[in-house]
Every structure is written in structure tokens, then in C-alpha cells.
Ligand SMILES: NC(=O)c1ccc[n+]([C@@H]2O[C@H](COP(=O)([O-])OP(=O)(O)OC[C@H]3O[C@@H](n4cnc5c(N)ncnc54)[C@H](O)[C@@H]3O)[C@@H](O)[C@H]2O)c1
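Read the single chain below, which is given as C-alpha cells and is the form predicted on its own.
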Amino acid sequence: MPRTRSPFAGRRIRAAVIGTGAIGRGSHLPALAGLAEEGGTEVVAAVDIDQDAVEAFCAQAGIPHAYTDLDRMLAEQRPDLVTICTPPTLHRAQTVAALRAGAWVWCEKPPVPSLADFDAIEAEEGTDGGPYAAIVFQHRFGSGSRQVRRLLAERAMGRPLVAHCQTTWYRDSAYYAVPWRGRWHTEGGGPAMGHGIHQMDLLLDLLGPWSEVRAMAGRLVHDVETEDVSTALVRFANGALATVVNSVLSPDEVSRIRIDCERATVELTHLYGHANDDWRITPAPDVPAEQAALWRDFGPDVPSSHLAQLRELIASMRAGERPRSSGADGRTSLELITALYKSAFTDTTVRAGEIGPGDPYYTALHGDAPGWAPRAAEEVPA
């Protein structure tokens, strides 16, 4: 049967922004504005519980409708796309409300605080052509990651063997003064969930499915509920072995992925986003120079960004196709992070597919154990 004509054909995608804080102002709105210049989107509304904040946001960006009630906005404006920029504990309810109203969703990471929440959202998605809910995993997108993903998929550099994934950042006590940060119920987890999720997601996007993880976590400095550092060993389905480090204790901040293949090493070093120049490919000694040059041909520079991901999401909407970083493709990173926490807190090896309904880690990343304390708060240095 012929494909049904897209409901978005011949017109802009009508978008609404939920949450007018820093991520909404600094990342989502510029991405939407960039696509608006290309004729792809128009922002018709914004929602925030703070009336003054949402009115100022709309006035500054030229958005016609400001709301403090999400359901009212959905009913009155009927947006095609809702971008969610609120704290993680709100993501499930807001995403479900948008999907039920017929809107596609683009939700900031962390997507939701648990696999149970993620599965509840997926159950609300459309079954044929959407609407779907995608996670903001912008590091997957751009010319550099596209080239390396292709090289690894084709085994152009041989089998991937050893990998390192590093998110070592620095956050001081003022950062954790925001009430919802550092709390299991409101943030979901510490740096593994809230910071390292981007590099871990990119590693999975490049290397494919993981099979098992063994991890440790600690709270070494900050007076919070969650961990402030974690380490893990990960085995991939293709046999590759990886180390993962997530920290908010590291003054020399860096985000890094390194993959050693049989014929070359691929390394990405950056902080919050990457361009072609941030990737380095070092061939083995016997690789011809002309072959290495082809591997290093990333094409026109398209940096990783919210705009790069949103552009692909809009294309998926118009095609009526499930976008990348939604459904099972988005769930895999949350499943690895959940397994990391379970391994760290139970001192066991956790395997892919192991955590499901009935497992305490399915509903809470700390296993629903409110007293988790690898180091007592009174022992944390001032």
C-alpha cells in the first residue's frame, strides 16, 4: 500500500518548549531558531510554572503564547513537537501528556529516573508513524561521529578491541545547592546518570550492544545522596572490553572516548561538544598512508549539537519514522547506567537484559534503598 501523506508535509513543525531555564534558553531555543531559519520549525508556545519567567522567555524570543499549565497549552495549541527542558523527575508525566495529545517529544537527558518510567513512556508511543519520544543525545550527531560509526560498522579498521570512556568534570558545592540535584528521587543518579550518560551513549552508539558490566561507585566529596564518582568495566557483545569513568571531582575537565581497533586507534577529546578536529585516528604502522587519509576524511565539518540532532528528528517526523535515540535505541544507555549502579551497590556482575519488573533497580537506580551510603555524610570533607 502507498505510504500515507505526512501530516507535516508542506508546512513548518509547530513546537513548544517546556521549561524556560538554562537548557531551554541556551540549547533548545537556539536549535529551534536555527531550523526556523531553514523553514523547518516555528515555536508557538512555552510553558513554565513561573509566570514571570515564561513571559520574559516568550517576549525575548518572540514566542506568541506563554503558559503555566502544560495540559492547557497542549489542548489549545496542539503542537506537533514538545521539547522538554525540566528536571528529570518531571519527564515521565510531561512526556506522557504530550504523547497523548498527539505531539512528538524531544526530552533532555537524563530521560527519566528509571527503566520503569522509560517503559511506561514507550507504551504511550504511537505504533505506526508516531508520535515518538526521543532523548537529547546530541553527541551521537555530527560529521565526526557519523564517519567513525561507519568505519566501525564496516570493520574498516579491523575489530574493535579495547575502549575507554571518560567523563571527568568538576562541580562545586554551589552546583549542588539547586534542590533537585544530587537526590535520587529528583535527579535519578549522580555523574553516571547526569553527566557521563552522554559519552556512554556515544560509546554504545559506536560499539553496539553491551553484554555485562562490573562497577564501583563512591561519594568522596559532596554532601549529597548520590555518588560523585563511579568506575566500570564493560564487555560488549562484539567482544570488546571498555573502562568507564564518571566524575564530578576533576578540576582538569575532559570528555574522552578512545577505541583501539586491530588497525587503528580512534580518539575523541573534547568537553561539551565535538567537531572534526576533536577526532584523531592513529593507524597501525603497516597501514598505507592513503588508507589512513581516507579514514580521516570526515567531510564538511558538522559539529555535534542540539541543532544537528533536531534536524534529523524533524526529518524522522516528516517521514513518519522512529527517530534515533528513541525506543530500544534510547533505552540501551539507561539500561547500562542502571546496571552500573546495581553492580556497584550489590558487588556483582550485571548482564544485559537482567533488570526488569520485580527487580528493585528497575524502579530506582539505587535499588529503592533510601539509606545507600558508601560514605557517611558526616565523613565528607567540608
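Since we're looking at a predicted model, the values are computed, not measured. In this text, residue numbers run from 1 along the sequence as written.
The following text describes the form predicted together with this ligand, which does not appear among the structures shown.
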> Does any heavy atom of A36 come within 4.5 Å of a heavy atom of this ligand in the model of the complex?
Replying inline: no
>> With the partner left out here, check for me: in the model of the complex, does some heavy atom of D52 sit within 4.5 Å of this ligand?
In response: no
>> Is W295 part of the interface with this ligand in the model of the complex - any heavy atom within 4.5 Å?
In response: no
> Heavy atom to heavy atom, is I18 within 4.5 Å of this ligand in the model of the complex?
Replying inline: yes
> Considering this ligand in the model of the complex, which of P79, P88, G182, G142 comes within 4.5 Å of it through any heavy atom?
Replying inline: P88
> So which of P191, G130, P160, P110 reaches within 4.5 angstroms of this ligand in the model of the complex, heavy atom to heavy atom?
Replying inline: P110
>> Checking a candidate spot here: are T167, R256 and E312 all in contact with this ligand in the model of the complex (at least one heavy atom each within 4.5 Å)?
In response: no
> Which among 202 to 210, 283 to 291, 90 to 98, 147 to 155 is in contact with this ligand in the model of the complex, heavy atoms within 4.5 angstroms?
Replying inline: 90 to 98
> Going by this ligand in the model of the complex, which residues of 293 to 313 come within 4.5 Å of it through any heavy atom?
Replying inline: H306
